[in-house]
Structure formats: C-alpha cells, structure tokens
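One chain comes next, on its own, written out as structure tokens in the form predicted on its own.
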C-alpha cells in the first residue's frame, strides 16, 4: 500500500465516522474492560471462531484478490493466525504475570517488579499480499496485551477487506476492535489521529509517511517492511533440495511475499545444476504451463503487473533461463529465472515482489558475504549448505531480520520466533511473546516500606555519608 496509489475498490467511509470509531474504541480502553485476562481470552477465542466459521468467505475473498488456491490461503493466512491465537491463549497468564526483580542491598528493604500493561489504542495497517494474516496476527498481539484496535485492511485486496469488515463486528466486541475500510483518503485521515502505537506492514516509502504522521503525536511504531532477501547456495549444498525449497518460497503467492528469496547467489560450479533443478521443481509444482495451474496465484493488479513486466523486459535484467511469458489480461506472469543480470538493473536494486528470480554467480563465500553486506539489511536471509561451519560463518558475518538454513519462509510460521526486520527492512518484532511485549508497556514498580527510614539517606551531605554511599552503591 502507498498513500500515492489510486483507489481500487468502491468502499468509501465517511471521514467523520473515522473519528467516531476511534473515540468508541478509546472509550472502550478507558473503561478498563480489556484489562482482565479472561476478557482478553474471550476476544481471542471469538477471533478464532471468526476464522473457523468465516473460513469459506475468507478463502473465497483471497482467491478473488490474489488467485490463491484455497489450500495455500488456509496454510499461509488462516492457519498461521490460528496458531498465534492458540499460543496466546496457552501462554497469556505467564506473559502477563509481573516479573519479580531482586533488589540490590543498598535499596532493601522493599519489593520490585515489572508489570506488563496495555498501551491503549493500536492502529494496525495491513498490506495486500497476505491481507488476512498480516492484519489479524498483529491484532492477536494487541488483544493479548489488553489493547483496543483500529484495523485498516488493504484497499488493494478489496474482497478480503470487505469480508473482514463483514465478519469482525459479528464476532468481536465493537468497543475493542473496529475496522476502517477505504483507500488513501481514509488512511490519511486515520494518521491524523493520535494512537498509542501504530503497527504498519508495507513498503519503506509509505513507512516514512507513517513515521512522519506518528511523530506529530510522539506515537511509537512497529514497521514490518521488506527488502531484497538473498539466498546463498554454496558449492556443498544439496542442490536438488535447495532448488525445490527456493522454488517453493519464491513462487508462493506468485512471489508476492515479503520474505520470498529475492535473488540467489550461487557458486558457479553448481549454477547450471541449480537452475535445471529450479525448472524441474516449477514443473512439479505447477505443471508444464503454470497458467493452467490452480496452485499458482496471480498478480494483485494491473499496476503491479506493469511494474513487473518493465522489470522483466529491462535489457540489463539478464538472460531468461526459463519462463518469461506474461498475460496482462489475466494478471499472469510465468515463474521466471534470470541469469547473470547487470548489477545496476532494476531487478537487482528494487524489491521484486513478484515471480521473477535473478540468479547471480558468486565466486566464493567471501564474495557472497560481501555482496549481502554491501546492500541494506534484508528481512530474511537463506543459506543452503551441508556444512554447519559454513552456515555459522554466513550468519555470524551478515545481518538480517531473520534467517533460515536449508529452507525458505518457514521461519515466519513459528510463533515462538520473533518476526521483524532490521534497518530498512523494519523496526520491532512480533509473533508470540515478542508481539505481546511489543504492544505492552513494561512498567517498573518499586514498593518500599515506611520503616526503617534512615536519616543517613537524606541531606545534609557529609564526608562520612559520601564514603558510605560509595561503599554501598
């Protein structure tokens, strides 16, 4: 989503009603009704029921927006959110329990603890590529932490947005969660308001707009962005398995995944074998003609289709090893591999966010590490090697939001692992306890008895007191 993009649905929210919705959930938070853990659990259970009873409506919407196969939609959207809910329900008591802190001798007697308290009203702005998961997963964290939520689904996935707006009021308390549909105008109006936290998933350009709006109210933000996530295939990798797993991670959702492998650095000795294995994997997944496969998705809209076509047709983009066909009317781009692209080409400098995969030969491990470190920190890094020493070396000498050795994308589905970026790929992490902590205020509390009340702790200061303080502290 970008605040400069045209509206792609017909939903128009009365801008005055946006303020009313925010005031409603603000009043819900002020009432403290979200404070008890049993209330939070009831809302999480209600969200789970929404996903179960609304499954057909949501999967139909995902298919309409992105051509997602129902199985892919369930695995990558509904199942992940339900896993988040299950984890929150089972762990909420321990997450929320005050954490005792041992006092130093100089501060005794007394008791100290850290309390996890709700922030207030959280604005969640979701993207179009996983329009269900990336809206509801932050909402799980917000509800678990005791917050109220204003949810902004993406206007670029209009069917999913409409389904969410239809289902949420049926299952969730309207004074706790409200949905605001719409496009640029509605999002701009939302950002004029004060929130206690803003959770944005999308691109870095819009993230800057969000941060600027948040700064006016000193509102903290969580930014889940993206970037060019590399895969490194070493000379000792299991090439067939590496290719199959890269193919799965890359062409999932037709490449429109923020943690998809964006390019591959491959040792020259295994480059041909790797590309041939990629081609075999694509045919195994989608058949000889991916255009006829129900398991292969579509590009979200014509504007994004045109962007990807320009990227693909760039004369500096490299040789097409396989794929390359397009059908603009059907929003289809074939799974495509480009070999030896010019490093100045757009395909090597912008996040692709589509089914185009550049493969770049890299002479050795030092060159691969230098290549990754010469670019902004990515959201994900993938390493394919049979050597644990090689994997550790790459991990130790690079930086990324997350990483996975010998697979792709799967790290995102593990609720116990924090998910987030670093540098231009984002700030802050969520999933599981990381999300609860991110959307909680950690309040330090010290409780001191009134006795003893030693006068030596107070002025006037003397040389004796100075020596004593320096011994005790």
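From a predicted model like this one, the values you see are computed outputs, not experimental measurements. Numbering follows the first chain given and starts at 1.
One more form of this protein exists, namely the form predicted in complex with a small molecule; it is left out here, but the text below deals with it.
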Among the candidates 172, 278, 308, 225, the residue which, in the model of the complex, approaches the small molecule to within 4.5 Å (heavy atoms): 225
Listed residue (127, 402, 255, 358) with a non-hydrogen atom within 4.5 angstroms of the small molecule in the model of the complex: 127
Interface membership of residue 209, the small molecule in the model of the complex, 4.5 Å heavy atom rule: yes
4.5 Å heavy atom contact, residue 155 and the small molecule in the model of the complex: yes
Residue 419, heavy atom within 4.5 angstroms of the small molecule in the model of the complex: yes
Proximity of residue 203 to the small molecule in the model of the complex, heavy atoms at 4.5 Å: yes
Per-stretch contact check against the small molecule in the model of the complex, the hit in 383-391, 118-126, 164-172, 317-325 (non-hydrogen atom, 4.5 angstroms): 118-126
